[in-house]
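Here's a solo chain for you in structure tokens, the form predicted alone.
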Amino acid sequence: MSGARLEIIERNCKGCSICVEFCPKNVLEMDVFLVTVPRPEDCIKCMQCELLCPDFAIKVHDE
């Protein structure tokens, strides 16, 4: 299964880390106050990060 492309909209991200906490595959990490995507190939496209983000700062795209 190929990974998804995760788009981080930096101007919207407030660094709450909700997406990091709920990612079942640990695809996301915090880099001080901004989420990063160090392992996009592990993404299973569950959409939890996008659905739970209170600021619409992350989008999951099929690749």
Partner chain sequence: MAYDYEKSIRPGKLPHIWCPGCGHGIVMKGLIRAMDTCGLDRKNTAVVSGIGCASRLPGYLDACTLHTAHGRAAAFATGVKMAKPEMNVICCGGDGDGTAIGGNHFIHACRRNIDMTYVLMNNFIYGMTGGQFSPCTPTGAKASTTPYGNPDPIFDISKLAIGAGATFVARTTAAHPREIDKLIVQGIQHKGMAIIEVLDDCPTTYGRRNKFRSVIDMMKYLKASAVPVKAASKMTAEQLEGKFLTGVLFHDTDKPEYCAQYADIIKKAQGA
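Residue numbers count along the first chain shown, from 1. For clarity, every value in this text was computed on a predicted model and none was experimentally measured.
Omitted from view is the form predicted in complex with the partner chain, to which the following refers.
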Using a 4.5 Å heavy atom cut-off, state whether Pro24 contacts the partner chain in the predicted bound form.
no
Is Lys45 part of the interface with the partner chain in the predicted bound form - any heavy atom within 4.5 Å?
yes
Please run the contact check for Leu6 against the partner chain in the predicted bound form: heavy atoms, 4.5 angstroms, yes or no?
no
Find out whether any non-hydrogen atom of Lys14 is located within 4.5 angstroms of the partner chain in the predicted bound form, and reply yes or no.
yes
